[in-house]
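Before any questions on binding or motion, here is one chain by itself as structure tokens, the form predicted on its own.
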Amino acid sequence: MTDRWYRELRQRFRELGADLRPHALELDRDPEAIRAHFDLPAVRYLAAMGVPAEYGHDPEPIAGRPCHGARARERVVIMEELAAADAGMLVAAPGPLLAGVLVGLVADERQRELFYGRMLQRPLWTFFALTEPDRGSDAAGLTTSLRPADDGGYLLTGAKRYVGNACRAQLGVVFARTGPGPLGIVPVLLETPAEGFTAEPLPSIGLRGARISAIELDEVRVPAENVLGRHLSPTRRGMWAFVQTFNLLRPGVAAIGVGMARAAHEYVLAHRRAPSKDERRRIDALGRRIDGARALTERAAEAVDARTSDGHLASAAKLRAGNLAEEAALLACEFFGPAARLEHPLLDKLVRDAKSLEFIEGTTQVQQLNLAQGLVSGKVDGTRRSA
């Protein structure tokens, strides 16, 4: 794809994002309000984003080319533009996103047909359940179990936390353990409702549209054919699968941070009348930092598109953009006085939404570890030696 094509993609999703902003505060009050907006073009696009063409996905052409949203470089443009309009509407939309990327990496043909085919029939929410209440982001230590059942299938037992959209999803991926060690971890495709499966939304102050949920699994039956990657070696389906999935999607989370920072910056430009010379300097400096974070995010996306295991830049981008989103939202409030968050509800929402980026798809500490490993191995500065 050419730079011109990406500029046209950006312009098109900037236009689509304009439909999201008017519903931002409504959704913040009632996360289920998204159900009344399935007809918005941006929501319709997200509902099938990432579904490959061979399953009948035929999105609107951009400058003569269809954009399936399957590449990280495409997603960072789309995510930034829609998050600049409203990140809450973006994360509330149904669609295959995180689970869909994993299915693309490890599912067999029947599983891909089951998953992607259903995405095109009607808007469906999906979920990606990895984090556990006692283990947090330490995925290697997960304890949810998958053990054989009498009928040839499996029984899934355990608990998951902080899972986006799980309480309203019809399809999802759950990581469980069949044995000790990292090779004992497998993902399974789970259709809901299912006996023994419960999911409840957790209270949240930011990105409320995501309906962050807690899941309980009490001997949920899983057909053997729904074990993802069973045709692959153990080294290519468990920890490998979710590491690659996160690497591919973290640039998109970084792009959401860039979009949030831009929303704060643009709000100041639109509503702060006659800024002083010093205020003008601070506003311009914020704009330059946003441009820098965008450049890093786009470079991280290109890196994982070229080699999915090179996720160190994705972690760097998520760290920088997540911090910037929070700083930009707080800085924007400073331009409107001590009562800014009361008098400007969109700014108040931006502050709350931006804080949540610290936890999405790996905490700050996880990103720092990934980046440190990239530095030690020479991946960051290009000194990596060939094997």
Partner chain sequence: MTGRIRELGPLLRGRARQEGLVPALAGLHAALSPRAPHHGPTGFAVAPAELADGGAERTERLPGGEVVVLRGEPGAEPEDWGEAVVWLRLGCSEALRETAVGHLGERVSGGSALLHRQLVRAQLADALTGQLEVRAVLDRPEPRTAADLAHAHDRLSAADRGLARLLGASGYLLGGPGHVADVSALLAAAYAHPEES
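Positions refer to the first chain, counted from 1. Because the structure is predicted, anything quoted here is derived from the model rather than measured.
Separately, the form predicted together with its partner chain exists; it is not shown, and the next lines address it.
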Partner contact check in the model of the complex: of 179-187, 287-295, 85-93, 205-213, the stretch with a heavy atom within 4.5 Å of its partner chain is 205-213
Using a 4.5 Å cut on heavy atoms, which of 153, 117, 136, 196 is close to its partner chain in the model of the complex?
-> 136
Could you spot which one of 355, 57, 320, 44 gets a heavy atom to within 4.5 Å of its partner chain in the model of the complex?
-> 355
Indicate whether its partner chain has at least one heavy atom within 4.5 Å of a heavy atom of residue 37 in the model of the complex.
-> no
Counting only non-hydrogen atoms and a 4.5 angstroms cut-off, does residue 61 reach its partner chain in the model of the complex?
-> no
Are any of the heavy atoms in residue 369 no more than 4.5 Å from a heavy atom of its partner chain in the model of the complex?
-> yes
Close approach of residue 342 to its partner chain in the model of the complex, 4.5 Å, heavy atom = yes
Sequence order please: the residues of 311-338 with a heavy atom within 4.5 Å of its partner chain in the model of the complex.
-> 323, 326, 330, 338
